Every structure is written in C-alpha cells, then in structure tokens.
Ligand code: HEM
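The data below hold one chain only, encoded as structure tokens and taken in the form predicted alone.
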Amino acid sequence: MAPSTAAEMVDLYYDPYSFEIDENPYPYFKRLRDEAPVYYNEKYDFYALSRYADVLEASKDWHTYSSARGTVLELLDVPPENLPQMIIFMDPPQHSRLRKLVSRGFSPRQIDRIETQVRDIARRLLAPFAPGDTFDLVQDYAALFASMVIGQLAGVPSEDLDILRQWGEDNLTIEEGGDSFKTAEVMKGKGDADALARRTNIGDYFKSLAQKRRSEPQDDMISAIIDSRIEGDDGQTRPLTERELLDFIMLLSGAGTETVSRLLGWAGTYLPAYPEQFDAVKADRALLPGAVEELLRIEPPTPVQARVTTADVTLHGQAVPAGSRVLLLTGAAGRDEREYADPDRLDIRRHAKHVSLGQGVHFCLGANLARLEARVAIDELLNKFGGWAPHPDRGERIHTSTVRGYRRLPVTV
C-alpha cells in the first residue's frame, strides 16, 4: 500500500525506466535527497533511498535489505527457483561459501600479476589508430578491452568474445517505460521466442565451454572453479553444480564487461571537461587511481541496486514494511552534499569514500580488477595519444535498469 505522503509528492516522480530521466538523473536525485529521502513509487511498487548515509547503511545491512530475491528491480518477482545461482543474488551463508571459493582469483596479488597482460590487450586494441584519428572509444576500445580481459581471465576463446558481449548487452537492454524486460520475462516463463533463444544461446555456449574445460583443463578461472569444492549445508564439501558453475561464468562474463566499458566511457567525457585535472593526470600518472575512484563516485556504472526488506523499517519517519522492494540509489548517494563538498564537480584529488562498488558482504568481488582495467586503459590511451577530445553529441547511450553510460562515444585523439 502506498504511504500517506505519496499525495504530497505529486510533482516529484522518479522512474528508473524513464529514458528522459536516465539521460540526466541528478536533478531528480537531488530532489529525492532533499524532499523524499524515502521515496515511494506507486506504479512499480518500490521505495528508494537516495542519501549517502542511508544507502551506505542499507548496503551493509544484508539481514534487513536482502539480495536473495535479486538485485535488479524487474527480477524481484521472478520465482526464486528461476533466478540465476549468482553470488550477487544470495545472502550468507550461501553467499559466503561461493565468495570464498572464487575470491582468491580476485585478490590484489592475483590481479597485480596480470597487469602486463592487461596492458598488452590495451596496446593491441589501440595499435590501428594514429594521432588525429577519430574512433569509437566504447565500441572500438573500452567494450572490447573489458571483454578481452575477462575472457583471458575466465578462459573464453578470443574469437567468441564479441558475440557473447552482444548477447549480454541485448539481454540487459530495456524498452522505454519498462514495459518489456527480456531477461526477466524469460525467467518468469514468459517472453518472446527471440529473447528465450538469446538466453539459451548464452547458456548453451557456456555449458559447452565448461564441458571442454572438464576434459581439457587450462590455466584459467573456469578450470580452477570446476576443480574447486564448496562446503554444503551438511558441512561436507562438494563441487559446484552445473547450474552454479554456468551462472557464475555468465556473471563474470557479463558484469565484468558492462561495468568497466561504461566507466571508461564516462572517463572519456569527464576528464577532458576538466582541463586542469586532465593535464595533471597526463603529467603525473600517480593521480590515476584517485581519478578512477572519483569517476566511480560521480558516475557509478551501476547507479541502482535493488533489495527486499526482511523486517519492518522506519526511516526519516517513513514506515517501510517487511517484504518491500527497495532501490538503493548509489548514483544519488555519490552526489550527496551532506557527504561531499561540491559533489557535482569532478575532483581527482578528493580521495573520498563512495558506495559505487557496494559495501559489506556484497562489496564488488571484481573491484580490484575493475580498478586495474580502468587505470591501465586510461594510462595506455595517454601513453599513445597524450589525450583525446570526445564528441558526446554524436554518442549514444545504452538504457538498462542496471548500468548507465555510453554505448557509443566518438573521440578524436
């Protein structure tokens, strides 16, 4: 049931599926923080938290704000048995067991070991271009770079990366107004035949790849996960089920590619927009890690995280009943003036904490890898070209309910 304050907010409307809002959600986010820090959307039946302190605490409190029914709004109505067996769709203890199994592959030490290979991928992708050229920073570089890094880590053959990336992007894309959610409808046992075929294509592909790795193990993450064992509910260890294995591979392939490519797209527009800071990064690459953190704060690739409450909550005088759908607006939290001075301004020397990679038990498993990829990708662009000029007026945004950013962004180097 809608809260009593809904009528008072008739002129304040936030819709996560609106293309118009998605183009620039930040004026809406500011109004939510100021006027309705616990906002209720009657059409889609969700509450939204927008202030930094609230998003931070809810992100850490997995007991109350559960991920077990999914972290994407349109998936919260999917029958639990149809949800992918992914660690982002789990709470402890299942989450803890799977995370422990795979976390070694994403430790800072392991990630540092692959920096040379990551740089080599970036250099190979930039090799066809020369100073003065114009190319698509996302399609010709960022998206390919992210998928190739993940592919090398996981063990996906390079010749298959592009079609997998296209399948994944297509399954994430929504139609304006939120009336068509391809992946969600398929999981509910509905959806059109084409959507089902696309999802089946991805599943069949990774099933075949896993079978190959079982018979011919390689030095990659898929082979390592196949060979690992997880503690079951009875305390005994067991290998991952086929479904657990396939869903983990799909998560690794999809999430790792989408988030990094969108982050690099934002880097393509934001850094040139602040010439003094861009010049500082060019002159001193030790500033790059701070620049990456600031880009994550000001434009998180995944600005919305869904949860379901497991108990009644009262926040800012607003009652949120148990079983409610709640959106944690990380994109709004990152620009909360209660936490950050001049929050709409990029400041690569800010060194501020943020919630863009999650917090607590659900802190992003691939955070170390994403940071390395972003730092190396920008570094190699600067090494070869010294800088770039973006053409956002000729760009194209991608519209999904989980990631936000450029699908295409021409730049001149």
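Nothing here was measured: the structure is a model prediction, and the numbers come from that model. Quick note: we count residues from 1 along the sequence shown, nothing fancier.
What comes next is about the form predicted together with the named molecule, which does not appear here.
Picking from 228 to 236, 336 to 344, 118 to 126, 246 to 254 the stretch near the named molecule in the predicted bound form, with a 4.5 Å limit on heavy atoms, gives 246 to 254. Checking Leu137, Ile87, Leu329, Val326 for any heavy atom within 4.5 Å of the named molecule in the predicted bound form turns up a single hit: Ile87. For the candidate set Ala143, Leu271, Leu73, Ile150, a heavy atom within 4.5 Å of the named molecule in the predicted bound form is found for exactly one residue, namely Ile150.
Within 4.5 Å of the named molecule in the predicted bound form, a heavy atom is found for not a single one of Pro16, Pro25 and Asn41. At least one heavy atom of Ser356 is located within 4.5 Å of the named molecule in the predicted bound form. Among heavy atoms of Phe363, some come within 4.5 Å of the named molecule in the predicted bound form.
With a 4.5 Å cutoff on heavy atoms, Leu263 counts as touching the named molecule in the predicted bound form. In the predicted bound form, the named molecule stays beyond 4.5 Å of every heavy atom belonging to Leu101. Along 287 to 320, residues Leu296, Pro301, Thr302, Gln305, Arg307 each place a heavy atom within 4.5 Å of the named molecule in the predicted bound form.
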